[in-house]
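What follows is a single chain, given as C-alpha coordinates, in the form predicted alone.
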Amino acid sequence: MAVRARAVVLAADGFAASRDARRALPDARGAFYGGVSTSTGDAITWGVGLGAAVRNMGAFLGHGMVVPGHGTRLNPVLPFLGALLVGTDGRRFADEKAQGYSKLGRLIAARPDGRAVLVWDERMHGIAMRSELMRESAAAGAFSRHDTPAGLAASLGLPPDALAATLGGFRAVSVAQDPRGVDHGPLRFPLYAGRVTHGVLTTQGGLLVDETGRVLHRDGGAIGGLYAGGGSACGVSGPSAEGYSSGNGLLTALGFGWIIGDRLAAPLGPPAA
(Lines give C-alpha, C1' and ligand atoms only; values in the text may rest on other atoms or scores of the structure.)
Protein backbone atom coordinates (compact mmCIF):
# COMPACT_ATOMS: atom_id res chain seq x y z
CA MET A 1 0.00 0.00 0.00
CA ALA A 2 1.34 3.40 -0.97
CA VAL A 3 0.81 6.33 1.38
CA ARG A 4 1.17 9.86 0.00
CA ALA A 5 2.17 12.84 2.07
CA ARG A 6 3.00 16.48 1.47
CA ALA A 7 6.16 16.01 3.52
CA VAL A 8 8.00 13.25 5.35
CA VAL A 9 10.09 13.88 8.48
CA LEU A 10 12.78 11.36 9.38
CA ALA A 11 13.25 11.71 13.12
CA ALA A 12 14.43 8.33 14.34
CA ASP A 13 17.58 7.74 16.37
CA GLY A 14 21.13 7.23 15.11
CA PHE A 15 22.90 3.97 14.25
CA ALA A 16 24.92 3.11 17.36
CA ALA A 17 23.07 -0.22 17.88
CA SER A 18 23.86 -1.43 14.35
CA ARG A 19 27.08 -3.44 14.33
CA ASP A 20 27.50 -3.03 10.59
CA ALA A 21 26.95 0.72 10.67
CA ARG A 22 29.25 1.14 13.68
CA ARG A 23 32.15 0.16 11.46
CA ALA A 24 32.05 3.86 10.54
CA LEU A 25 33.12 4.57 14.14
CA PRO A 26 36.71 3.30 14.39
CA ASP A 27 37.22 5.25 17.63
CA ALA A 28 34.37 3.31 19.28
CA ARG A 29 35.72 -0.19 18.66
CA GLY A 30 35.50 -2.32 21.75
CA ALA A 31 33.40 0.29 23.56
CA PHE A 32 30.51 -0.65 25.82
CA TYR A 33 27.21 0.27 24.15
CA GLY A 34 24.89 2.08 26.54
CA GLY A 35 22.11 3.19 24.23
CA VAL A 36 18.81 1.68 23.14
CA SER A 37 18.43 -1.38 20.91
CA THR A 38 16.33 0.49 18.33
CA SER A 39 19.15 2.85 17.27
CA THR A 40 19.71 0.94 14.04
CA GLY A 41 19.98 3.86 11.60
CA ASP A 42 17.04 2.82 9.40
CA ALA A 43 15.97 6.40 8.68
CA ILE A 44 19.48 7.31 7.55
CA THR A 45 19.49 4.30 5.23
CA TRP A 46 16.17 5.39 3.73
CA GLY A 47 17.52 8.87 3.10
CA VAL A 48 20.72 7.59 1.52
CA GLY A 49 18.59 5.40 -0.74
CA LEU A 50 16.97 8.58 -2.06
CA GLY A 51 20.36 10.13 -2.81
CA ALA A 52 20.82 12.07 0.42
CA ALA A 53 24.22 13.28 1.51
CA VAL A 54 25.60 12.36 4.93
CA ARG A 55 28.20 14.05 7.11
CA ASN A 56 30.23 13.44 10.30
CA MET A 57 29.47 9.74 10.29
CA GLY A 58 32.42 9.09 12.60
CA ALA A 59 31.03 11.36 15.34
CA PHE A 60 29.44 9.94 18.46
CA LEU A 61 28.62 10.64 22.07
CA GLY A 62 31.21 8.72 24.00
CA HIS A 63 31.45 8.31 27.74
CA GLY A 64 34.40 7.72 30.05
CA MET A 65 32.36 6.99 33.18
CA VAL A 66 30.88 3.60 32.24
CA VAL A 67 31.22 1.04 35.05
CA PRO A 68 32.28 -2.32 33.55
CA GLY A 69 30.23 -5.28 34.63
CA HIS A 70 27.34 -3.18 35.96
CA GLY A 71 25.86 -1.46 32.89
CA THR A 72 25.68 1.84 34.79
CA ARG A 73 27.60 5.14 34.68
CA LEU A 74 29.13 7.36 37.29
CA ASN A 75 27.99 10.97 37.40
CA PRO A 76 30.04 12.83 34.73
CA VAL A 77 30.19 15.91 36.96
CA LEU A 78 32.68 14.16 39.28
CA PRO A 79 35.84 15.04 37.29
CA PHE A 80 34.76 18.69 37.27
CA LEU A 81 34.24 18.60 41.04
CA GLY A 82 37.87 17.55 41.50
CA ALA A 83 37.81 13.74 41.31
CA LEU A 84 41.00 11.86 40.49
CA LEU A 85 41.35 9.46 37.57
CA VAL A 86 44.11 6.85 37.72
CA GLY A 87 45.08 3.97 35.51
CA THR A 88 45.24 0.42 36.75
CA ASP A 89 48.89 1.18 37.49
CA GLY A 90 47.74 3.60 40.22
CA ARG A 91 49.04 6.67 38.40
CA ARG A 92 47.18 9.71 37.09
CA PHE A 93 47.24 9.88 33.28
CA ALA A 94 45.03 12.83 32.27
CA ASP A 95 43.80 16.24 33.35
CA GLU A 96 40.30 15.18 34.35
CA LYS A 97 38.83 18.69 34.17
CA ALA A 98 40.20 19.52 30.71
CA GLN A 99 38.07 16.89 28.94
CA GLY A 100 34.41 16.53 28.20
CA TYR A 101 33.11 13.11 29.21
CA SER A 102 32.98 12.07 25.56
CA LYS A 103 36.66 12.79 24.94
CA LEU A 104 37.50 11.26 28.31
CA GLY A 105 36.19 7.99 26.92
CA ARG A 106 38.74 8.25 24.11
CA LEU A 107 41.57 8.71 26.62
CA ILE A 108 40.52 5.66 28.61
CA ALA A 109 40.15 3.64 25.41
CA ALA A 110 43.78 4.46 24.61
CA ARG A 111 44.95 2.84 27.87
CA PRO A 112 46.58 -0.58 27.35
CA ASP A 113 43.71 -2.31 29.16
CA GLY A 114 40.95 0.22 28.42
CA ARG A 115 40.27 0.61 32.14
CA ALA A 116 40.73 3.26 34.84
CA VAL A 117 39.59 4.06 38.37
CA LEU A 118 37.84 7.24 39.45
CA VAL A 119 38.39 8.39 43.05
CA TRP A 120 36.43 11.10 44.88
CA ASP A 121 35.74 12.28 48.42
CA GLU A 122 32.71 12.99 50.60
CA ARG A 123 32.28 16.58 49.44
CA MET A 124 31.98 15.49 45.81
CA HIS A 125 29.91 12.46 46.71
CA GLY A 126 27.08 14.49 48.22
CA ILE A 127 26.77 16.56 45.03
CA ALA A 128 27.09 13.59 42.66
CA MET A 129 24.39 11.61 44.45
CA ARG A 130 21.77 14.17 43.44
CA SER A 131 21.79 12.44 40.05
CA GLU A 132 19.50 9.48 39.35
CA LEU A 133 22.33 8.06 37.28
CA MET A 134 24.54 7.95 40.37
CA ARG A 135 21.83 6.52 42.58
CA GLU A 136 21.37 3.68 40.09
CA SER A 137 25.11 3.04 40.23
CA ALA A 138 24.99 2.97 44.02
CA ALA A 139 22.14 0.44 43.98
CA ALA A 140 24.12 -1.73 41.55
CA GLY A 141 27.21 -1.68 43.75
CA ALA A 142 29.18 0.09 41.04
CA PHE A 143 31.46 1.94 43.45
CA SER A 144 32.76 1.45 46.99
CA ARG A 145 33.77 3.47 50.09
CA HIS A 146 37.22 3.24 51.69
CA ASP A 147 38.76 4.56 54.88
CA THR A 148 42.45 4.02 54.10
CA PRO A 149 44.76 4.12 51.03
CA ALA A 150 45.66 0.47 51.60
CA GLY A 151 42.02 -0.57 51.69
CA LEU A 152 41.26 1.33 48.50
CA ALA A 153 44.25 -0.18 46.68
CA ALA A 154 43.40 -3.72 47.79
CA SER A 155 39.73 -3.41 46.84
CA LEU A 156 40.42 -2.03 43.35
CA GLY A 157 43.52 -4.10 42.65
CA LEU A 158 45.84 -1.08 42.40
CA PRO A 159 49.56 -1.01 43.32
CA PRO A 160 49.50 0.46 46.84
CA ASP A 161 52.76 2.42 46.64
CA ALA A 162 51.95 4.02 43.30
CA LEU A 163 48.44 4.91 44.44
CA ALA A 164 49.67 6.40 47.72
CA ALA A 165 52.15 8.58 45.82
CA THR A 166 49.47 9.72 43.40
CA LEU A 167 47.03 10.58 46.18
CA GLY A 168 49.75 12.44 48.06
CA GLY A 169 50.58 14.66 45.12
CA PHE A 170 47.03 15.36 43.95
CA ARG A 171 45.00 18.48 44.72
CA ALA A 172 41.24 18.47 44.12
CA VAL A 173 40.45 21.51 41.98
CA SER A 174 36.80 22.04 41.12
CA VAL A 175 35.63 23.92 38.02
CA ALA A 176 31.99 22.87 38.33
CA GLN A 177 30.84 26.08 40.02
CA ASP A 178 33.68 28.42 39.01
CA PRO A 179 35.52 27.95 35.67
CA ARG A 180 38.59 29.64 37.19
CA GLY A 181 38.91 26.70 39.55
CA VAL A 182 38.54 26.29 43.30
CA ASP A 183 41.40 24.48 45.04
CA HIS A 184 40.02 22.16 47.72
CA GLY A 185 43.40 20.68 48.59
CA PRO A 186 44.08 16.92 48.87
CA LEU A 187 41.33 14.35 48.71
CA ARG A 188 40.13 13.57 52.23
CA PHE A 189 39.21 10.11 53.51
CA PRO A 190 36.82 8.40 53.43
CA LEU A 191 37.17 8.09 49.67
CA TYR A 192 34.88 6.54 47.09
CA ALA A 193 36.15 4.72 44.03
CA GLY A 194 34.77 2.90 41.02
CA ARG A 195 36.25 1.17 38.00
CA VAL A 196 35.41 2.88 34.71
CA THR A 197 35.78 2.14 31.02
CA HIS A 198 34.80 3.78 27.75
CA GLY A 199 31.41 3.56 26.08
CA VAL A 200 29.34 4.89 23.22
CA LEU A 201 25.78 6.13 23.79
CA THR A 202 24.59 7.65 20.51
CA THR A 203 25.93 8.59 17.10
CA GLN A 204 26.12 12.23 16.02
CA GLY A 205 26.44 11.89 12.24
CA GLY A 206 23.57 11.54 9.81
CA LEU A 207 21.71 13.03 6.89
CA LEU A 208 22.95 16.43 5.77
CA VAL A 209 20.24 19.07 6.22
CA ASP A 210 19.96 22.80 5.66
CA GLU A 211 18.96 25.37 8.28
CA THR A 212 15.29 24.50 7.83
CA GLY A 213 15.78 20.75 8.23
CA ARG A 214 15.43 19.89 4.53
CA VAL A 215 17.50 16.85 3.55
CA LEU A 216 20.16 17.73 0.97
CA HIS A 217 20.99 15.57 -2.04
CA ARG A 218 24.60 14.49 -2.49
CA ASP A 219 24.60 16.21 -5.90
CA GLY A 220 23.39 19.49 -4.38
CA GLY A 221 19.96 20.94 -3.71
CA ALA A 222 17.23 19.66 -1.45
CA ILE A 223 15.20 16.46 -1.80
CA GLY A 224 11.63 17.67 -2.21
CA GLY A 225 9.37 17.08 0.78
CA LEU A 226 11.99 15.27 2.88
CA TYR A 227 13.12 16.59 6.27
CA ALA A 228 15.27 15.15 9.04
CA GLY A 229 15.97 15.87 12.68
CA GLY A 230 17.12 14.16 15.86
CA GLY A 231 19.54 11.28 15.45
CA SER A 232 18.68 10.98 11.77
CA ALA A 233 20.25 14.36 10.99
CA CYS A 234 23.88 15.34 11.06
CA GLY A 235 24.73 17.04 14.35
CA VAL A 236 27.11 19.88 15.17
CA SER A 237 29.73 17.80 17.02
CA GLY A 238 32.14 17.65 14.10
CA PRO A 239 33.80 14.50 12.75
CA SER A 240 34.68 12.68 15.99
CA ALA A 241 33.76 12.10 19.63
CA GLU A 242 36.05 14.92 20.76
CA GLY A 243 33.70 17.61 19.48
CA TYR A 244 30.74 16.53 21.57
CA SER A 245 29.44 18.82 24.30
CA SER A 246 26.35 18.32 26.42
CA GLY A 247 23.14 19.02 24.56
CA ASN A 248 24.36 18.39 20.99
CA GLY A 249 21.81 15.60 20.48
CA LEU A 250 18.99 17.60 22.03
CA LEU A 251 19.85 20.48 19.72
CA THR A 252 19.05 18.45 16.60
CA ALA A 253 16.02 16.85 18.25
CA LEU A 254 14.33 19.81 19.89
CA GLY A 255 15.79 22.48 17.63
CA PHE A 256 15.00 20.87 14.29
CA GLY A 257 11.76 19.49 15.67
CA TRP A 258 10.61 23.03 16.36
CA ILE A 259 11.91 24.45 13.05
CA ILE A 260 10.49 21.67 10.87
CA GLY A 261 7.17 21.58 12.70
CA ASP A 262 6.80 25.34 12.43
CA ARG A 263 7.64 25.27 8.72
CA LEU A 264 5.22 22.47 7.87
CA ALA A 265 2.40 23.90 9.97
CA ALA A 266 2.58 27.35 8.37
CA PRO A 267 0.45 26.56 5.26
CA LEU A 268 -2.29 25.17 7.53
CA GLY A 269 -2.82 28.53 9.18
CA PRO A 270 -3.41 29.29 12.86
CA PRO A 271 -5.59 26.91 14.91
CA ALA A 272 -9.30 27.66 15.13
CA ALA A 273 -10.37 29.76 18.11
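Because the structure is a prediction, the values reported are computed rather than measured. Numbers for residues come from their place in the sequence shown, where the first is 1.
If you look for the form predicted in complex with a small molecule, you will not find it shown, but the lines that follow are about it.
Exercise. Among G205, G47, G64, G229, which has at least one heavy atom within 4.5 Å of the small molecule in the model of the complex?
Worked result: So the residue touching the small molecule in the model of the complex, by this definition, is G229.
For this session: Name the stretch: of 181 to 189, 197 to 205, 103 to 111, 157 to 165, exactly one has residues whose heavy atoms fall within 4.5 Å of the small molecule in the model of the complex.
Result: Heavy-atom contact with the partner occurs in 197 to 205.
Problem set entry | Interface membership of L264, the small molecule in the model of the complex, 4.5 Å heavy atom rule | No, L264 is distant from the partner.
Exercise. Is there any non-hydrogen atom of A21 lying within 4.5 Å of the small molecule in the model of the complex?
Worked result: Judged by the heavy-atom cut-off of 4.5 Å, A21 is well away from the small molecule in the model of the complex.
Problem set entry | Heavy atom of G243 within 4.5 Å of the small molecule in the model of the complex | Looking in the model of the complex, residue contacts with the small molecule do not include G243, since no heavy atom lies within 4.5 Å.
For this session: Report yes if any heavy atom of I259 sits within 4.5 Å of a heavy atom of the small molecule in the model of the complex; otherwise report no.
Result: Outside the cut-off, so no.
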